[in-house]
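Shown below, as structure tokens, is a lone chain in the form predicted alone; questions about how it binds or moves come after it.
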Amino acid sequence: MLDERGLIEDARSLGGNYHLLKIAAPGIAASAKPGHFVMVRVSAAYDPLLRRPLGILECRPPYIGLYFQALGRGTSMLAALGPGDSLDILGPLGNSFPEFPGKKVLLIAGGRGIVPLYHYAQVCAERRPLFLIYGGRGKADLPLLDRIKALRLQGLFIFSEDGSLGQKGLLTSGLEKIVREERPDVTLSCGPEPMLAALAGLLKPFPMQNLASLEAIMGCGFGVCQGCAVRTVTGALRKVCDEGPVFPLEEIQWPT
């Protein structure tokens, strides 16, 4: 874990308040793996006080890529920065997805949950068969699709709730058919909690290993404040920041 001053090389607005930053952070880039995240201080002052947790979309040393949607004050301040601005970045943090050599892997991404899965595909698509299910509310919420199409995926399945892109409906509506046809050995998922909860039920009958990257509000990012704890099926609490964010899907106690 490094506390590094990163320099913004490129900043792009993708529409719909979605933004992409290319940041020179050689120390973090040298050790970042798919699933890792960083804690970003969005202002040189201590207002806002807390850093923002952001997953690493891609890593091409000495650069890392961050993809986010400006929804609140902190992320809006981050979106206002441009080339030449610098950021205080702590990372890489958390655990990462295993590579699963020789396995057929199905990636399941809901909205901004594409971040760690895109990184995984970027690293692993040339090494093993990868399939991706990518869903969002509408076309405007899937702004990385052109980049995704450039990856060497074996299969790509797109869903939008309003039918503006790909198949109409939630991605979970087509999941079982895809799993039966492609017969993956492993699923890796990231997205809204209701999506992950649905996946836990839908994937239970299939003999696969299922891992999910969780999102949570964090104060520190490295296990001290314990503000990101989630409850497991045994009743125990696990910290998303340093014990995750990647967990076995069936280990988490999902709301019913």
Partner chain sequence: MADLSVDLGFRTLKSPLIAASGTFGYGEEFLPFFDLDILGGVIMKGIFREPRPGNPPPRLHETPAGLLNSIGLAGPGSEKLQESIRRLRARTPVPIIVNVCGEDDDEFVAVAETFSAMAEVAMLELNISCPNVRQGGACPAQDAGHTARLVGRVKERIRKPLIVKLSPNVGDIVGVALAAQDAGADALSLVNTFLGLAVDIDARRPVFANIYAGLSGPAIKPLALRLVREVCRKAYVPVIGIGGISSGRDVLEYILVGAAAVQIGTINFREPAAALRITNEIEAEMERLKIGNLSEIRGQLQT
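Positions refer to the first chain, counted from 1. Please read these numbers as outputs of a predicted model, since none were measured by experiment.
Keep in mind that the form predicted together with its partner chain is missing from the display, and what follows is about it.
Every residue of the trio 43, 219 and 223 has some heavy atom no more than 4.5 Å from its partner chain in the predicted bound form. Although the partner is absent here, residue 90 is a contact residue: one of its heavy atoms lies within 4.5 angstroms of its partner chain in the predicted bound form. Of the heavy atoms in residue 30, none are within 4.5 Å of its partner chain in the predicted bound form. At least one heavy atom of residue 48 is located within 4.5 Å of its partner chain in the predicted bound form. Put simply, residue 204 is far from its partner chain in the predicted bound form: not one heavy atom of it is within 4.5 Å. Annotated contact segment (heavy atom within 4.5 Å of its partner chain in the predicted bound form): 225-233, selected among 225-233, 195-203, 55-63, 22-30. Looking at 63-86, no residue comes within 4.5 Å of its partner chain in the predicted bound form, counting any heavy atom.
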